[in-house]
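Let's start with one chain on its own, the form predicted on its own, as structure tokens.
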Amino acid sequence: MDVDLIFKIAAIGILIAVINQVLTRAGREDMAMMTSLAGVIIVLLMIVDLISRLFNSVKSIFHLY
């Protein structure tokens, strides 16, 4: 696994946390929830790609079809 991916996920988490705090302080709790949800979805899409590559590697190593 690339270390860059870990840094990308951490950067997304920090950015979403800051945006969430700013929106919460401004009284826009609904928008803060939407940004948090968007951040989680972005990170999950990044992880789904990794899991897909893992399963393809396992399939090719054990010659499963």
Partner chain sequence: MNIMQIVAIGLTAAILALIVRQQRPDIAMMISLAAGTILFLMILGNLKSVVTVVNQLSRKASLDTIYLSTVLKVIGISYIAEFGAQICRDAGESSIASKIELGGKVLIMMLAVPILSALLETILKALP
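Fair warning: this is a prediction, and the values are worked out from it, not measured in the lab. Numbering follows the first chain given and starts at 1.
Keep in mind that the form predicted in complex with its partner chain is missing from the display, and what follows is about it.
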Query raised in the report: Are any of the heavy atoms in Met31 no more than 4.5 Å from a heavy atom of its partner chain in the predicted complex?
Result: no
Query raised in the report: Ile16: heavy atom within 4.5 Å of its partner chain in the predicted complex?
Result: yes
Query raised in the report: Taking 4.5 angstroms as the cut-off for heavy atoms, does Val22 touch its partner chain in the predicted complex?
Result: no
Report task. Residue by residue through 38-61, tell me which have a non-hydrogen atom within 4.5 angstroms of its partner chain in the predicted complex. Result -> Val40, Val43, Leu44, Ile47, Leu50, Ile51, Arg53, Leu54, Phe55, Ser57, Val58, Ser60, Ile61
